[in-house]
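Given next, in C-alpha cells, is a single chain: the form predicted alone.
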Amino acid sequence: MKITIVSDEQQFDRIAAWRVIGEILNKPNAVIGLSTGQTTKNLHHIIREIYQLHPFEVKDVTFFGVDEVTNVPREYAGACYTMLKTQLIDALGIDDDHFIMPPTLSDDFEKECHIFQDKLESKGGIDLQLLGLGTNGHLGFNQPGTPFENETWLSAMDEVLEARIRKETNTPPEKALGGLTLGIKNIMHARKIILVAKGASKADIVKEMLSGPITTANPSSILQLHPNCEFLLDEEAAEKWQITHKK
C-alpha cells in the first residue's frame, strides 16, 4: 500500500489534482473515474485552474462518475452528473461521448447498469479511479454489507442522504431513491486507484480501512488488496492509524 499523508489542505488538493493530470499526460486516451463530495470538490477546481493556465490535451480522455443518484431530475444540483459537469467537465470542454454517466431517470435501471458498465469496458477499462471515503467505509454507493463480487448495480441509499435529497427535490415517499454505482468488483479492476480522505471525522474509518480486517462490513477495507492503490490522507484523517502504526 502507498500511503501519502499531507499536512496542508491546499497541498492535499494540489497533489490529488496532479495525480489526475499526470494520468492524462502519461496516457492521452485515459479512462478516469471521478467522485463527488466535499473531499473532491476543491481538487476539481484546481484541475480546472491548471488547465486554464497551462492547457493540456484532453480530447481523447474519457471521464465518468463512479455513481449516480436515481429518480431525481438530472438538473438537480445534487445529481453527480450536474456536479461533475459544473465542477470540471464543462471547463475542460469534454464532449458527451467522453463523459460517461448513467441516467438519473429510467424505466429499467438494471439495463442501465449493464449499459454503463459496457461503455466503460468498450473504452478499455478504468485507468485511474479517484475515490472518496464514507464515514462508514462506503465506496460509491456500495454500503457496508455489499458483496465484494458485485458489479454495477442499483444500491439502496443511506437514510440521512435519502432524507436530504427527498427534501431538496420534493420526492414523495412512494418514489424509491437509490444509487446506481460501480460495484466493488469493477472498482478493484481499475488499473490504479487513489483514495482521498481528510478530516477528523474520517479518522476511525481510515484506521479500519488500512489496518483492520478485510470485511464487507467496511467496503473500503478491500483496497488493502489492490496492487496499485494510493491512500492520500490529511493528518487529521490519518491520526488514529498513525498512533496504532507507531506502536
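Keep in mind it's a predicted model, so treat the numbers as computed, not measured. Start at 1 with the first residue shown and count on from there.
We do not show the form predicted in complex with a small molecule, though everything after this point is about it.
- Any chance 128, 194 and 224 all have a heavy atom within 4.5 Å of the small molecule in the predicted bound form? No: no residue has a heavy atom within 4.5 Å of the partner.
- Query: Looking at 177, 161, 154, 91, which is the one with a non-hydrogen atom within 4.5 Å of the small molecule in the predicted bound form?
  - Reply: The residue in contact is 161.
- Given that the small molecule is left out here, which of 36, 186, 220, 70 has a heavy atom within 4.5 Å of it in the predicted bound form? Spelling it out, the residue with a heavy atom inside the cut-off is 36.
- Message: Is it the case that residue 202, even though its partner is missing from this view, gets within 4.5 Å of the small molecule in the predicted bound form, heavy atoms only?
- Response: It does: once the small molecule is placed as it appears in the predicted bound form, residue 202 has a heavy atom within 4.5 Å of it.
- Task: Mark residue 141 yes when one of its heavy atoms lies within 4.5 Å of a heavy atom of the small molecule in the predicted bound form, and no otherwise.
- Result: The answer is yes: residue 141 has a heavy atom within 4.5 Å of the small molecule.
- Message: If we define contact as a non-hydrogen atom of the residue within 4.5 angstroms of the partner, is residue 66 a contact of the small molecule in the predicted bound form?
- Response: Although the small molecule is absent here, residue 66 would touch it in the predicted bound form, with heavy atoms inside 4.5 Å.
- Item | in the predicted bound form, residue 132 touching the small molecule (heavy atom, 4.5 Å) | Yes.
- Query: Of 203 to 211, 38 to 46, 52 to 60, 24 to 32, which is the one stretch near the small molecule in the predicted bound form, taking non-hydrogen atoms within 4.5 angstroms as near?
  - Reply: Stretch 38 to 46 is the one.
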